[in-house]
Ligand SMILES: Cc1cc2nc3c(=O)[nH]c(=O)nc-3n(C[C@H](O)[C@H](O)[C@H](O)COP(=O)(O)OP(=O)(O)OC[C@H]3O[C@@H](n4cnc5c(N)ncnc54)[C@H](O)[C@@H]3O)c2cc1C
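Shown here is one chain on its own, the form predicted alone, set out as C-alpha cells.
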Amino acid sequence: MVNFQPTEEQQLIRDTIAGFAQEIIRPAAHEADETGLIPSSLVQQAWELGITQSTIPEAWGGAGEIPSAFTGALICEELAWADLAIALHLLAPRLVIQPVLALGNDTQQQHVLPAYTEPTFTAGTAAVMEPRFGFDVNELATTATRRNEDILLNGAKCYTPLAAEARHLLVYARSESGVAAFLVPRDTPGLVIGEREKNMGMKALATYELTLNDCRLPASAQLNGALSPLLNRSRVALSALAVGVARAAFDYARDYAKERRAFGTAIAQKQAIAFMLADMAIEIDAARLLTWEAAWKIDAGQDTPLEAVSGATREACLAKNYAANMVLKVTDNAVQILGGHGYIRDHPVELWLRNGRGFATFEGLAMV
C-alpha cells in the first residue's frame, strides 16, 4: 500500500530544514544571485545541520542514517523553495557520497567518506553533463578506455558544480561495459578545470567545464555496480527541487495577488488571475505526487536493476520530465501575475523563472 505520510522523524527533518531555509537561506538568496557568492557562514551552518553527510556510516564518522529517497525529496523541496543555487551548493557533496556509499568497496569508502565528516564544509562533485546537443546520460561521449592496468578518460564535461574546490570528482564515462563512474583526484594529469561558467540562472552556484585528455587512472578508481538506481535517485531529487522552486513562485504570486488592487479589488479576485493561480497549485501538487511516488518505490526496495534500467526508472523519469515542464510554466505564470513588477529584479519571480529554466536541460533534453 502506498503511503505518503511522513514519519515523525521525517516531519521533524522537514520542519528543521524549512525553518533554516526560511530564516537563513531565503534572506541571502538575492544578494548571492547578484554577487555570485554564497556566504561561507551560511554553508557552514547548513553543514552543521548534517544535511549532506548524515547517511555516512558511523564507522566513517557519520550519523549512519539509512538513505531515503523520500526524506531526500522533502529536504530538496524545502531548500529549493528558499533558493535553488544555494540548495545545489549545499547538496553537491552528495554527488560523491551517495555513489560511494552504494557502489564503493571498503577501500574506496575509507578513502572518500571520512573527508565529508570533517567539521567544516567539504566540497565534492560529479561530472555528468556534456557540452553537446542531444546529450543523453545513457549515451555519453566521454570515454573510459582500458590501457593495460589503467583507464584513460577522454572527453568534455560541463555544468560541474564546485569542481574547482571539490575534494573528489566523480566522472561518468562510457566504458566497454556501458556507463561507469570513476573517482578522479583533482590534481590528476590530463584533467583540466576551466573557468567558471556564466549561466542564465543559478548565478550563485559555481559551475565549471572539465576537459579530460588521456586522464590516466588506476582500475581501482572505478565504482562497480549498476548506476541506474543512482540516476533514479538523482531524478527524484531534481523533481523535488523543481517543486520547491515552483512552490516559491506560487506562494509569492498568490500573496502579491491578494495585496495588489486594481479597480477597487484585489487582483486575486479577478477570474483570470484566480484561474491561473489554481492551475499553478494543481501543477505543483501533481509534480509532487509523481516525485513522491518514485521516491516511495525506491524506498520500498523496488528499484532493483533490470538489465539496462531499474524498477523505478519509469516513475523517476516521469516525475523528472513533468516537474521540468511544470516549474517553467508556474514560474512564468508568477512573472505574468506580477505584470511589470515581475520583470524587474526587485521581485524574486524573475530569478525563479531563470532558475526554473535549467531543469529542462539537466540530464539531457527531453525531446531528443
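Worth saying up front: this structure is predicted, and the values here are computed from it rather than measured. Numbers follow the displayed sequence, beginning with 1.
This protein has a second form, the form predicted together with the named molecule, left out of what is shown; the following refers to that one.
Chemist: Name the residue from 216, 186, 111, 260 that puts a heavy atom within 4.5 Å of the named molecule in the model of the complex.
Modeler: Here the answer is residue option 260.
Chemist: Though the named molecule is not shown, can you say which of 314, 329, 341, 26 has a heavy atom within 4.5 Å of it in the model of the complex?
Modeler: None of the other options qualify; the answer is 341.
Chemist: In the model of the complex, which of 319 to 327, 58 to 66, 34 to 42, 333 to 341 comes within 4.5 Å of the named molecule (heavy atoms)?
Modeler: The contacting stretch is 333 to 341.
Chemist: How about residue 272 - does it come within 4.5 Å of the named molecule in the model of the complex, if we only consider non-hydrogen atoms?
Modeler: Yes - in the model of the complex, heavy atoms of residue 272 and the named molecule come within 4.5 Å of each other.
Chemist: According to a 4.5 angstroms non-hydrogen atom cut-off, is residue 227 in contact with the named molecule in the model of the complex?
Modeler: Heavy-atom contact with the named molecule at 4.5 Å: absent for residue 227.
Chemist: Taking heavy atoms only, is residue 267 within 4.5 angstroms of the named molecule in the model of the complex?
Modeler: Yes, residue 267 is a contact residue.
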